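First comes one chain, alone, set out as structure tokens in the form predicted alone.
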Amino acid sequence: MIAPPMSDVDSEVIIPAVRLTGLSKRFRSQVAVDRLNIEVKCGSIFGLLGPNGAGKSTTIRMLVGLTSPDDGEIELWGDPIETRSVELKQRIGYVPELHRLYRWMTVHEIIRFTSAFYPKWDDLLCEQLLAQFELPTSRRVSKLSKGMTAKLGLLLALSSKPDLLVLDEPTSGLDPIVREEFLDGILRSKQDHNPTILFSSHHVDDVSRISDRIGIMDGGRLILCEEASLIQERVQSIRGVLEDGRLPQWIPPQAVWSRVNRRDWQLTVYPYEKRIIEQIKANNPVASLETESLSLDDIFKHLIRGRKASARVEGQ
């Protein structure tokens, strides 16, 4: 039986809701997920960012049991998951990008059908979400717009009162207003019963708005994982003015992206430490250096562009 979230008082070790250790998945010669390690604290929102093909959806499909890992371990609330019992499935709400709902059912019928599988189903919450999302209960699923279908999927997941809510690119392709309503529904669930949430997306603004902790994934690997409130401290942009006719002689190993345009040299460093500035000055022909914080959008772009540039160099 999966134990409820708890802490070991003696050792003061908090058991995470989700722990992925060395998780790997390969499809023939392609590595989709490569030795991935992630922990999600109970009651927190973990935002997983990454470009298309980064391995986010494969990771989530392994977590919810839709595909099996080739290697590694998945733990939920401290227990390794080998088989997913009915009891465990009832504790997990899953909202994929592509919803596989019975299209011939009406909204009312699919709510009644789904509610029968969940002993903690909350009829009052369901009614509140129906009103908030303005879903027409008599309309068939096949006649719903993409935005309405997405909101219906979230309603079904939230109304089951899950301990773990897993969202895989749920706002992809939605217009800004529907995305806003969708995110409001997620935040409302935190106020209502405070589930643990794992939310994957390539929309930086969505992840930035709701996440407590943010991971950035590329090429099947986690390349950044930080508290949302600390990312802008841990990742810094450094701008330098090079001496005439000179190029950088030494780039710090923490540099995830670097660009030279005439005398202007810009590099992004993760993790950033103050001593890096003195090291750059001591090892490069620079006339001046200054640091500046980046937006999460720029951090994401610089990390991904830096990895692509490194891959090109390695492939030459």
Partner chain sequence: MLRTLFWKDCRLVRLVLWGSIASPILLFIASAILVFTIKGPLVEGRTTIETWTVVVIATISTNLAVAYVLGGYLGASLLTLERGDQSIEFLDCLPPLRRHVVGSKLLVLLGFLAIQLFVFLALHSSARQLVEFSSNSGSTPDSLSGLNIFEMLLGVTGIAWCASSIAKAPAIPLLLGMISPPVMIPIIQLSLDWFGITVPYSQTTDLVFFALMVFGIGGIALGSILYLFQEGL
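Remember, predicted model here, so these are calculated numbers, not experimental data. Numbering follows the first chain given and starts at 1.
Another form, the form predicted in complex with the partner chain, is not on view; read the next lines as being about it.
With the partner omitted from this view, the residue of R140, K146, R246, R239 that lies near the partner chain in the predicted complex is R140 [heavy atom within 4.5 Å]. With the partner omitted from this view, the residue of L289, I251, V260, L66 that lies near the partner chain in the predicted complex is L66 [heavy atom within 4.5 Å].
Judged against the partner chain in the predicted complex with a 4.5 angstroms heavy atom cut-off, the residues C225, R305 and K308 are out of contact without exception. Stretch-level contact check against the partner chain in the predicted complex with heavy atoms at 4.5 Å: of 190-198, 213-221, 97-105, 228-236, the positive one is 97-105. Heavy atoms of K120 never reach within 4.5 Å of the partner chain in the predicted complex, leaving it off the interface.
A residue is said to contact a partner when one of its heavy atoms sits within 4.5 Å of a partner heavy atom; H202 fails this definition for the partner chain in the predicted complex, lying far away.
At a distance threshold of 4.5 angstroms between non-hydrogen atoms, L156 is in contact with the partner chain in the predicted complex. Residue contact with the partner chain in the predicted complex: E180 places no heavy atom within 4.5 Å of it.
Taking the partner chain as it sits in the predicted complex, the stretch 102-116 comes within 4.5 angstroms of it through a non-hydrogen atom at Y102, W104, M105, E109, I110, R112, F113, T114, A116.
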